[in-house]
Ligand SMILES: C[S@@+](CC[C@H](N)C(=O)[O-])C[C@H]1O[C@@H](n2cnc3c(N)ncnc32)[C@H](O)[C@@H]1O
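Presented as structure tokens, the chain that follows is alone, the form predicted on its own.
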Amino acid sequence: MKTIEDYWDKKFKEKGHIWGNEPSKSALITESFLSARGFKKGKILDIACGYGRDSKYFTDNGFDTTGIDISAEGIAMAKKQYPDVKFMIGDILHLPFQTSSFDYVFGNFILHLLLKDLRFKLIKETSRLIKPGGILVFSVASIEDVDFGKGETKDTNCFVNARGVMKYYYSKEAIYNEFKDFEIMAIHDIEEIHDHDGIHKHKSYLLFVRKRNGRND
């Protein structure tokens, strides 16, 4: 049976720099959001970093950045192209860092690829890593996305699209439900066009959340 590692190793080998080398819209908004509010350029963990384009952007903008991804191929590409950034291979559901190791955790286009139990596990695991007052940032698929409701149904609001990708599509209500233990600082609407596997458009939400009262247990 093909593993998620196999899937992404094959993808990176075949497609190379799938999303180009410019930072994602989510990374641009994140840096702007934090800077505008006077947050320090502290330690940020870029989970499911792929070949590291966003990790590089955060590093260039003064963050102490670590990128982690399950794909050895993606991390090899990242290390070769961005030798000044820290990268490592690892499972984002079992992150190899001590509690309160980071000021921020950034996850672009990853949370919505998981079924409910694993989404909650990832939220709990990343919450463990942030310091009191730290911030989690996730971009997630929106129910306004063109693929919502299409393809094979896997769970409520969760479908396998025509490109073979399983996604859970968030409503605002679902966001508030899954992050009820957090202070929701902002929810941004994002629209992006990708050209890998054919031209397609994504409509997403970018979430900025932190634990209430500075807790991160």
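All values derive from a computational prediction rather than experimental measurement. From 1 onward, residues are counted along the sequence shown.
Below: the form predicted in complex with this ligand, not depicted.
- Between 97-105, 141-149, 126-134, 83-91, the stretch whose residues reach within 4.5 angstroms of this ligand in the predicted complex through a non-hydrogen atom is 83-91.
- When contacts are defined as a non-hydrogen atom within 4.5 Å, all of Phe12, Arg53 and Ile70 contact this ligand in the predicted complex.
- Note on contacts: among Ala174, Ile29, Ile187, Ala48, the single residue with a heavy atom within 4.5 Å of this ligand in the predicted complex is Ala48.
- Not displayed here, this ligand is approached by Ile110 to within 4.5 Å at the level of heavy atoms in the predicted complex.
- Though the partner is left out of this view, Phe208 does not reach within 4.5 Å of this ligand in the predicted complex, counting heavy atoms only.
- For the stretch 145-163, the set of residues having any non-hydrogen atom within 4.5 angstroms of this ligand in the predicted complex is empty.
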